[in-house]
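Shown below, as structure tokens, is a lone chain in the form predicted alone; questions about how it binds or moves come after it.
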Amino acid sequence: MSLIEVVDLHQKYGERDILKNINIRVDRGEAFAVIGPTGAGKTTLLRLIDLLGLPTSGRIYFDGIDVTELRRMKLEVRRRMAFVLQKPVVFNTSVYNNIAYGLKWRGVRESSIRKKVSNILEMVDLLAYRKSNARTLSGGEVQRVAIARAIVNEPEVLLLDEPTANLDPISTSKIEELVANIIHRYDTTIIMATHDMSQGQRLADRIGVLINGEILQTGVPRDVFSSPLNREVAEFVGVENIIDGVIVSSQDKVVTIDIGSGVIEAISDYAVGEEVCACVRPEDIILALSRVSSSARNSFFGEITQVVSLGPLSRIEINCGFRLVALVTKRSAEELNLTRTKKVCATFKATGVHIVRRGR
């Protein structure tokens, strides 16, 4: 049985639909990430799960019990959860006291509080700051205080709202390491909202893609990122090559797609006549200076229009009669002298093409 289940959840503010027909299940001990662009409704969803408001319609189940409107159970259930806000508030006192307050309110003995807080301070790497005023800390340190304050109460569910938003790369890395540590050391169920899709990939067992208030796809990160269900998901998860076409032939599940300026071959069950989008990830494209013998079914000549260095990688944009983006190692780009206006041959396998229906 799922620990958290959200069924047909809708939320409206005035005439505006914030959330529409949300259905998700999160198992005990699972790390589930809700990924989506800013304004998609992620924070609203977390607030409703934390019982901080009532949905317009739909139900929320905690450990099999419908807790949507059970006022008598709200405090009890909320004590079993902890919510770390995107911009956490800390009290104007020491880091130690900030973390200890929740335990004091629960009537925990002082000796036990000292032990628990010291252990948590060590885990979040803030032991040296135990006497410092929490309001003097950096943004990343404040976020670690907030997570420590949540974890010290040993919640069954930890809700994280954009835990690394507006943090520098070093602080972001420390927060991600801390979240990963919590996942591995505790049996805490984590539901995290983030617009950083790579963060969701790194930390979550499963992800749900929330766009314009709707969950468009749910699954393990590998499946969502390699096999998006529609164009909106494909665009969000970074599939830069999304090419419109029509299937004009099919034989043994190898389909030919007319894209106007040529054809693309792919593996698909879709029928002849279907209007589709061919999705090709940039890292699946191989570049050469001339056509080479290969098992790849798709080969296009074009002119490089842009080269952008991305650390150890280079992003190559090519005009093949249609726009195509490839991602190669910086070393390969240098060896091939891939520069603007250079003519290249781009190849990719039929198995590297993911097909989705257009308009869905």
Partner chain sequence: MTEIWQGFIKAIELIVSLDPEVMEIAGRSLGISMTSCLLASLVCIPLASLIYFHNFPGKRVLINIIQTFFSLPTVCVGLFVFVLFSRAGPLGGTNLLFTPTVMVLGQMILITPILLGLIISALSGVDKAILDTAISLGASGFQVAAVVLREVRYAVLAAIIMGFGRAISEVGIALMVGGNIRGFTRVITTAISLETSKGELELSLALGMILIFLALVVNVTLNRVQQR
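What you are looking at is a predicted structure, and each value in this text was computed from that prediction instead of being measured. Numbering follows the first chain given and starts at 1.
The form predicted in complex with the partner chain exists for this protein as well; it is not shown, and the discussion that follows is about that form.
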property: Distance check, Tyr101 to the partner chain in the predicted bound form, heavy atom within 4.5 Å; result: yes
property: Residue contact check: Phe91 to the partner chain in the predicted bound form, 4.5 Å heavy atom; result: yes
property: Contact flag, Asp50 vs the partner chain in the predicted bound form, heavy atom cut 4.5 Å; result: yes
property: Contact test in the predicted bound form: Val272 vs the partner chain, heavy atoms, 4.5 Å; result: no
property: Partner-contacting position among Arg185, Arg106, Arg109, Lys253 - heavy atom within 4.5 Å of the partner chain in the predicted bound form; result: Arg106
property: In the predicted bound form, the residue from Ala128, Ile170, Leu75, Val220 that sits within 4.5 Å of the partner chain by heavy atoms; result: Leu75
property: Region of this chain that lies against the partner chain in the predicted bound form, out of 233-241, 280-288, 111-119, 150-158 [heavy atom, 4.5 Å]; result: 150-158
